[in-house]
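To begin, one chain is listed below as structure tokens, in the form predicted alone.
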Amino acid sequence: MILVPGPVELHPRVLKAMSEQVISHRSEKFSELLMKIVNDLSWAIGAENEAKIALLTGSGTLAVESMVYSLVNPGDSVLALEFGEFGKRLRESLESRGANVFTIKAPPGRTPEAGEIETIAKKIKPKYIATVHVETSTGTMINNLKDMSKLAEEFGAKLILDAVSSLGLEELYMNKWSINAIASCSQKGLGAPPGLSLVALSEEAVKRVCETTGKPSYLDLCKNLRFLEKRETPFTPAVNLMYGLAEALKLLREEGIEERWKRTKRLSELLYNMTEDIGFSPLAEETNRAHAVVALVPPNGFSATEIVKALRKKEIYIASGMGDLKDRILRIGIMGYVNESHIEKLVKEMAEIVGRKKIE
């Protein structure tokens, strides 16, 4: 049973779809596959077919760096929000691009305060505000993206978002919330195999990515969008992974995006409540807790590493922390086709490991 924060166990229909024969990426059949995926992604991300979506062969990190290098020019002023390892990576990508980065940090389990963001933004007038939506390393979430986007617009800035661990799992509306660009991937909330990622771009962002200079060819989203006009990709794509993603998106359509958000929230709350009864505590404050990734502090006397190892012997896979939190927290992904029985089984085994009452 895989409950890490991605990749996820794949639905049998997704596995079957991936067994199709490879096709030429310059064929009409491929063009139809590509455009079906792009249209379904536009729906899933709340872009209502108004955004342009670049489909990339690579991990979520590729999507984030493509977004950064294609939108940001060296010297651009960017306000970066950092409240975990992936926020740190986003900030480092911006610095590597040569942006003039101002950083607001928050400790694990918390996110930057709105008042502090407003104060700094008013002072520096950034071109972009860049943030992670769900911080995979801490199970913490920015829960006021709509308000943050409005705040950015007040100071002439645009909001760019790492939604690698939130797309398909947490409430997200690109158009309604006026988000300039969103980077994400295939292997988490979408329930597809790893190896594909995407960047969704607003109309304004599309113009911007074709004006920036000095981009590595593989990170150049303008090139990707020009090929998309021909219903192609600029480089050889992972065709069979695309078959899997197309089927995963079909499953998402069948379930409904809002229903998946509700299921993720319901199961995460069940996990938070059940683990509290056996001595675990959430890392994140209640107002900032993610549903897609649950981060738990073990009871006194137990390390995260030993619990992870003990669960692996039962063929249950969760993750320990990252960086300074490596041995201090557990990270559990509410991703893929998880249901109540998975949560109940996990908690039962966790209860046995820490020597508390068994969950019947």
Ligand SMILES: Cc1ncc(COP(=O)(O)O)c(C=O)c1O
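Predicted model only: the values in this text are computed from it and were never measured. Throughout, we count residues from 1 along the sequence that is shown.
The same protein has a further form, the form predicted in complex with this ligand, not shown here; the description that follows concerns it.
> Pick from 69-77, 204-212, 283-291, 185-193: which stretch has a heavy atom within 4.5 Å of this ligand in the model of the complex?
In the other structure, the partner sits against 185-193.
> In the model of the complex, which of the listed residues (179, 245, 132, 199) lies with a heavy atom within 4.5 Å of this ligand?
So the residue touching this ligand in the model of the complex, by this definition, is 132.
> Scan 99, 249, 141, 164 and let me know which has any heavy atom within 4.5 Å of this ligand in the model of the complex.
It is 164 that has a heavy atom within 4.5 Å of the partner.
> Could you confirm whether residue 60 comes within 4.5 Å of this ligand in the model of the complex, counting heavy atoms only?
Because a heavy atom of residue 60 falls inside 4.5 Å of this ligand in the model of the complex, the answer is yes.
> Is there a heavy atom of residue 268 no more than 4.5 Å from a heavy atom of this ligand in the model of the complex?
Contact with this ligand, no.
> Please run the contact check for residue 136 against this ligand in the model of the complex: heavy atoms, 4.5 angstroms, yes or no?
Residue 136: yes, in contact with this ligand in the model of the complex.
> Contact with this ligand in the model of the complex for residue 86, defined as at least one heavy atom pair within 4.5 Å: yes or no?
Flag for residue 86 set to yes.
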